[in-house]
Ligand SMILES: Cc1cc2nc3c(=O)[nH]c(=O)nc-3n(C[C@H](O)[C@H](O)[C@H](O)COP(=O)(O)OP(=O)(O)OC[C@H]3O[C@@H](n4cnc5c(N)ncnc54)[C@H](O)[C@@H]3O)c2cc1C
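Here you get one chain, nothing else, as structure tokens; it is the form predicted on its own.
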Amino acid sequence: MDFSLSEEDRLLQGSVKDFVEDTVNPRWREIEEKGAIPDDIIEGAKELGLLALSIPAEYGGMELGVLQKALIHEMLGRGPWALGTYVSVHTGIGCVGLVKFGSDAQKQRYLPKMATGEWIGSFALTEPDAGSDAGAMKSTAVRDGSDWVLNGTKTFITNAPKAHHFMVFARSESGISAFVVDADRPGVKIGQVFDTIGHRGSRPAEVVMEDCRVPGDALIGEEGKGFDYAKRCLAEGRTTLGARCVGSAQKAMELALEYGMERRTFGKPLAEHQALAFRFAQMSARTEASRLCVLRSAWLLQQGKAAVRESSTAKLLGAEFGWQTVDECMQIFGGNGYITGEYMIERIWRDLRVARVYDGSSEVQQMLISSQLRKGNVLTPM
């Protein structure tokens, strides 16, 4: 079993890390204070190709595999999550559905401009009364001649205020169906924009559809297959989110270790006290375990496997172990870590907390894993 990375992948990973550390992280306070990602940072992300990760080369994209995307998202996790989420939703769940299930006409229309970042994509699944239980959605899609009429409210939709279009899920006569819906279409409006404790600059919002009429060719794939499409998009999204959690945990640990070597108590550096030395060892082990689960899930997805249990495991461990590590790093910083805007650790602490909730909460991941085990999916295939 070969764990080595190609030179090309190492260079790709290194370029993203350099961008995050040299360009983005020095401005994390600015992003927090303004609640927005500066335009020049977005332009820098475009120049690196970060908005074209999932798009086939024929449409101007980088056409990266899931493993390569996981490497990139780990590096994005080292910086403000507003940027990581912006990139993740656009290139992941906001894009993968069109790449995998869209018609040729849909791909021709949307993917080239998504690759350049001129058009930003989003993913509208969650509803006020249908979060973890997405199958309980109330949004409807009714045929009217050759058109569809959509009604419903989606919530916590990332990129909504900046999105050019959404992959919308609604209940039709045959079941849950997926549609590509432009944000400027009559009947679509942005509702409440949420002010969150972390992800400053991400600005998730409601998307409200009131008698929104879309043409018949807005249907993605087959009618009634939308929930299957959503699950296949989410498997990749959960894997890359797990990677971002690993990146945040790694960064937090590095910051805490640096602080612990500078801060002296009882005559020696804080990090040399056995209680904290053991804690660092445990944080390192958790982070490495999460990283390996993420890479395993990414590899399986890249081989065309469903990887339902593996992607849920990657997300569960990434979020839970990541949060445990970042919270312990906060403890090492003591009172200094609790001061807003003073040390980066408190920003990471606020950003990472939501990973245990969104893209399927930790409880939902455990339900999915248990379900797979009951079906006999016990051993990860080679």
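All residue numbers are counted from 1 along the displayed sequence. Because the structure is predicted, anything quoted here is derived from the model rather than measured.
Although it is not shown, the form predicted together with the ligand is what the next lines describe.
Note which of 97, 260, 204, 152 lies within 4.5 Å of the ligand in the predicted complex, where distance is taken over heavy atoms; exactly one does. Contact check passes for 204.
Counting non-hydrogen atoms within 4.5 angstroms of the ligand in the predicted complex, say which of 166, 229, 110, 156 makes the cut. Residue within 4.5 Å of the partner: 156.
Should residue 188 be classed as touching the ligand in the predicted complex when contacts are defined as heavy atoms within 4.5 Å? No, residue 188 sits far enough from the ligand in the predicted complex that none of its heavy atoms falls within 4.5 Å.
Would you classify residue 86 as touching the ligand in the predicted complex, given a 4.5 Å non-hydrogen atom cut-off? No, residue 86 is distant from the partner.
If you check in the predicted complex, is residue 22 within 4.5 Å of the ligand, heavy atoms only? Although the ligand is absent here, residue 22 would stay clear of it in the predicted complex, with no heavy atoms inside 4.5 Å.
Give a yes or no for residue 124: in the predicted complex, does one of its heavy atoms lie within 4.5 Å of a heavy atom belonging to the ligand? Yes, residue 124 sits close enough to the ligand in the predicted complex that at least one of its heavy atoms falls within 4.5 Å.
Out of 261-269, 284-292, 211-219, 124-132, where are the residues with a heavy atom within 4.5 Å of the ligand in the predicted complex? Flagged stretch: 124-132.
For the heavy atom contacts within 4.5 Å of the ligand in the predicted complex, list the residues of 336-362 involved, in sequence order. Residues within 4.5 Å: 354, 357, 358, 359, 360, 361.
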